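Two forms of a single protein chain come next, each set out by itself as structure tokens; they are called structure 1 and structure 2.
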Structure 1
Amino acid sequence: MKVLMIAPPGAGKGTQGVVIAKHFGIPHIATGDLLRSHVSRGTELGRSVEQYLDRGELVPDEVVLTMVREALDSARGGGYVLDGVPRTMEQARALYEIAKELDMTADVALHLKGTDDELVRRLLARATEQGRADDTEDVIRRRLALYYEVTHPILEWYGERGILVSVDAMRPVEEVGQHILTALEVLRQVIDGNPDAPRTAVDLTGLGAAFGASS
């Protein structure tokens, strides 16, 4: 399985990415971890990244995509869970071209949906645990607003391509993971059976009811 993770802050993208990677035996490619690895190893890319991180600036797309290309190339012939990219429509299109060149285009764009109030609650709790006093409710809501502004075009694009799968990420972590793995296992059978068959976007946000889960 080749999976892209798309989620607002606080939806559990990193946690569920690890769950998926472990279940399918595929690498979890987290761009944040890759950045830190390059910096700690003192690679040429890491040295260029460190300059932006030290200044508190966003790492340019071309640097991030170069790093992701290396990771996808290393995973070529298998699957992956990509966590952290794309964040913008420009990144999504560039990533598609890279993946197409490597014959590693995504099978699924997994969208973890959440409600603003619950996401804010989770992020405030995390900020308290980590002692991040600058993560106020106003700051968190601005981050969420930015996410919605730049991400909706990406979701629409993946929906048009037929690879978008949406799940409710506001349930307990284990329950969300169970729903995701169930959906991906079904999709794997479909893809393995006829990889070229046309597909449509799938909204599984009501899957909890099918499992008899309480709201």
Structure 2
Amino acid sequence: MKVLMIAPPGAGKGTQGVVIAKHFGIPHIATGDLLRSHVSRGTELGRSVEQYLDRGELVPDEVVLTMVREALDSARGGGYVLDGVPRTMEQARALYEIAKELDMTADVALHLKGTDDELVRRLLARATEQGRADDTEDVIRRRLALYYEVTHPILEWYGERGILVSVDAMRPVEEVGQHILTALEVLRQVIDGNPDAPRTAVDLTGLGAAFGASS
């Protein structure tokens, strides 16, 4: 299973990315985690991106795409959960070319949908526990604004490609995880049965709490 996660800050990309990776036995590749690791280790790359992270701005495409190419190359032949990329249409196109070259284009673009008030609440709550440098209200608002400006529009492209799956991320963690895994398991059967069959976007955001409860 090859999954891209596209969602606003606080929607649960990291939380659910781990769940998906564990379920399918695939690597969870999170660009934010990779960048923060460089910053905390004080590498040259880390020093060059630290200010972007602190301000909630996007780091230059070439930095992210080089990191992602290396990570995908290491996962070659298997699946992956890519969390935090693509964030712009340019990244989406470049990522597609990289994945095509490695013969590992995405099966699913997973969109986690949330409301701004709850997203901000979650990130401010995380700030008190983890103290991430970009979890201040001003920077959270900047990250959200950037999401709507440059990231959200790329969902349409994945919708047209028929690989978009949208899930309501405003439910409890376990319930969101169940919705996601149920949808991905159904898709896995479709993909395994006929990988080249035309697909259509799937919108699960209107489904009730019972969906996936028995899986």
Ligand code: AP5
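Please read these numbers as outputs of a predicted model, since none were measured by experiment. Only the largest set of C-alpha atoms that superpose within 1.5 Å between the two forms is called the rigid core. Numbers follow structure 1, counted from its first residue as 1.
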property	result
Displayed copy of the chain that is the form predicted together with BIS(adenosine)-5'-pentaphosphate	2
After fitting the core, G46 CA displacement of 2 Å or more between the two structures	yes
Threshold 2 Å Cα movement between the two structures at L123, rigid core reference	yes
Yes/no, S37 Cα shift of 2 Å or more between the two structures with rigid core fixed	yes
